[in-house]
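Just the one chain here, laid out as structure tokens, in the form predicted alone.
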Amino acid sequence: MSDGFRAQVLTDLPGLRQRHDHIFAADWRARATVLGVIALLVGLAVLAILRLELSLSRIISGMGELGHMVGMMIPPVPSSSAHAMVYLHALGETVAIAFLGTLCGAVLAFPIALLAARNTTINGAVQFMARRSSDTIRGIDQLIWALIWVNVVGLGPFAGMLAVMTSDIGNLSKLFSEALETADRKPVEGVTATGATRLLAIRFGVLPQVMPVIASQALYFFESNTRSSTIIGIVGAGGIGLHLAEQIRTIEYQAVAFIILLILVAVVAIDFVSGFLRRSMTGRASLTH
């Protein structure tokens, strides 16, 4: 906007307000809605603080105990070299649980996402059923799925892999369907114009646009599941979580610190590799387009 035009608008501002009063008028309904939402959130926060008995003094007094616990973790060493090998084996088991669970979950979530996305589904009824099925699976926490599968197939990493897979089916199907719905319609229309069927239009018009995003989401979940798999091990679903819980209960904080360092190293390594793969796929996709 030029300075002359801006000066002209400012000069004629009273006239503009008079001629277009409906535009300049304050929307009190919208403002009241915003204020009502803010008041509701503040009220819920205050209620949560009162119900949970949050206390700043308890946090301050507990800092000394936290410092004492951290001091007991130094240096982070296992109880023996034999224990170190056991922890490394359990860590490998945890990574395997996360990898297989994420892979199987992504493979099974993909067809559900195709049925749940508006631009790839068969009809409205199928879309509704696919979305509600995804919501149902996603509504149950991964730790609960671990408890369920432990009772179904018994203790061990197989139950952990099934728990990760089931949880990821619900989460990834939602993310995949949202990625499918953001696909540009022009490539689809171009493929359809050649006389291709709807399946071919999805295959060559939609999927090439969203596959890098879907792969990136699956890689992120692999990294995230490596962390969460340490928790499901506590309930007997395999992995290093059981050893971590045992060392905490026996107050072996040096071994606890050693296990935590192993988990951090594994997560950082997976993050580095998955980040490299995501950048490679994104770069390849941009070159293709």
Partner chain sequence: MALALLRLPDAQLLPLRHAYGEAVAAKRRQMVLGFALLIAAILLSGWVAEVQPALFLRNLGGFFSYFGRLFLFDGGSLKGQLVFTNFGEWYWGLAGWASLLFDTILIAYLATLIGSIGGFFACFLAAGNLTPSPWIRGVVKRMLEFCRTVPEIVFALIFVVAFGLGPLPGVLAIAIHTLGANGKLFTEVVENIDMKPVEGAIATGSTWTESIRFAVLPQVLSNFASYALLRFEVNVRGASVMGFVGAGGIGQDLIEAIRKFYYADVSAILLMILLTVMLIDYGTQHLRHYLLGRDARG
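Positions refer to the first chain, counted from 1. All figures in this text were calculated on a predicted structure; none of them were measured in a lab.
Not pictured, yet referred to below: the form predicted in complex with the partner chain.
Contact flag, A218 vs the partner chain in the model of the complex, heavy atom cut 4.5 Å | No, A218 stays farther than 4.5 Å from the partner chain in the model of the complex.
Any chance P157 has a heavy atom within 4.5 Å of the partner chain in the model of the complex?
-> Close contact exists here: in the model of the complex, P157 approaches the partner chain to within 4.5 Å, heavy atoms only.
Do F110 and the partner chain come within 4.5 Å of each other in the model of the complex, heavy atoms counted?
-> So F110 does not count as contacting the partner chain.
Consider V152 of the chain shown here, and say whether it contacts the partner chain in the model of the complex, taking contact as heavy atoms within 4.5 Å.
-> Yes, V152 lies within 4.5 Å of the partner chain in the model of the complex.
Just one of L103, L207, M129, V191 has a heavy atom within 4.5 Å of the partner chain in the model of the complex. Which one?
-> Contact check passes for L103.
Note which of L162, L172, L180, L115 lies within 4.5 Å of the partner chain in the model of the complex, where distance is taken over heavy atoms; exactly one does.
-> None of the others qualify; the residue that does is L162.
So which stretch, 195-203, 129-137, 209-217, 74-82, is the one near the partner chain in the model of the complex (non-hydrogen atoms, 4.5 Å)?
-> In short, 129-137.
Using the arrangement in the model of the complex, list in sequence order the residues of 66-92 with any heavy atom within 4.5 angstroms of the partner chain.
-> Residues within 4.5 Å: L66, M69, M73, G92.
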